[in-house]
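The data below hold one chain only, encoded as structure tokens and taken in the form predicted on its own.
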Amino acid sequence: MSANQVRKKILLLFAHPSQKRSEVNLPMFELAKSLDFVTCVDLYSEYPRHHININREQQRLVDHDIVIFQFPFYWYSTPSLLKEWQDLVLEYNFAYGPDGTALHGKTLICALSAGGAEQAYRADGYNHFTVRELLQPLEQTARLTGMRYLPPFAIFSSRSTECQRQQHLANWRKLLEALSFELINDDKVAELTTINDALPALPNLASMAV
């Protein structure tokens, strides 16, 4: 990384239908809004009646290099508006099909919070599957649309103390900085359940003059 390296542009699509109850997702979104290399979109604020502007959303995708779906993990999936966004925006001959190459080479990653503990998301745990396994429809969507898919950034036991929340936010900032400077090594994260495990090895760019 050099001081003159151009950052990749990140599109953060935030989908939280009950933000007043959010303890960690909303602070994450507010932090991301302070970073000039991240375009932050609050889907429930923009589309309270679910009337999604397909052309605008497709142009946003075209204009960015990295797409992040940020959401609370509801019933092992995304909130309904984010699913509808996928259904409507990822059109034939835009995202897939013979002329559907608009997303080729871009990156998709999920950032989610879950109320349960990490131990609950294992084969022998309460939920029987890891979050990455439960997100396989999105992983396959990335494959079908020619996108690079990264393991999810996951916050478990999301009802955390203030100290824990600050650590979550520090990790989140670290991930956003690393994504923008393309510091994520695909080979090193390919088999990870969450990308959180890769964060300790990444530099803390927030404290560096770049």
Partner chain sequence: MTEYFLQAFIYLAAAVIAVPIAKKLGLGSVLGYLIAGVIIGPVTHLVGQETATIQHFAEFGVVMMLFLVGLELAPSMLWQMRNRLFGLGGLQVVISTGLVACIALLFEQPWSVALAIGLIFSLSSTAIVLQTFNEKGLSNTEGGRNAFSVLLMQDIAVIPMLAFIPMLALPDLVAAAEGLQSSAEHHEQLNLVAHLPTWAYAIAILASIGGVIVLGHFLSRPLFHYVASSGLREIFVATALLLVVGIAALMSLVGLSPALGTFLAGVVLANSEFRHELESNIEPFKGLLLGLFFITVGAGINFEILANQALVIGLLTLAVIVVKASVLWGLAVMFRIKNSNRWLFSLSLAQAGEFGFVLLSFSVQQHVIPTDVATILQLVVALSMFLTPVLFILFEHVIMPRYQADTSNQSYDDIGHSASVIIAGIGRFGQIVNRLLVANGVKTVVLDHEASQVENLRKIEIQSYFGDATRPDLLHTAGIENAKLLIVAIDNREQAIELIKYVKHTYPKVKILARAFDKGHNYELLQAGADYTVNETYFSALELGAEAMTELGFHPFETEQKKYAFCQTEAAASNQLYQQWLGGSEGQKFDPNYRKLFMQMEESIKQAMQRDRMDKHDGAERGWTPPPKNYEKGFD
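Residue numbers count along the first chain shown, from 1. No experiment lies behind these values; they were computed from the predicted model shown.
What comes next is about the form predicted in complex with its partner chain, which is not displayed.
Heavy atoms within 4.5 Å of its partner chain in the model of the complex map, among the stretches 64 to 72, 34 to 42, 173 to 181, 48 to 56, onto 48 to 56 alone.
Of the residues given (L88, A102, L134, A120), L88 alone sits with a heavy atom within 4.5 Å of its partner chain in the model of the complex. Remark: Y96 counts among the residues lining its partner chain in the model of the complex, judged by a heavy atom distance of 4.5 Å or less. None of the heavy atoms of L169 is located within 4.5 Å of its partner chain in the model of the complex. Remark: Y126 does not count among the residues lining its partner chain in the model of the complex, judged by a heavy atom distance of 4.5 Å or less. In the model of the complex, its partner chain stays beyond 4.5 Å of every heavy atom belonging to L26. Shown here without its partner chain, the chain has only L144 in 118 to 144 lying with a heavy atom within 4.5 Å of that partner in the model of the complex.
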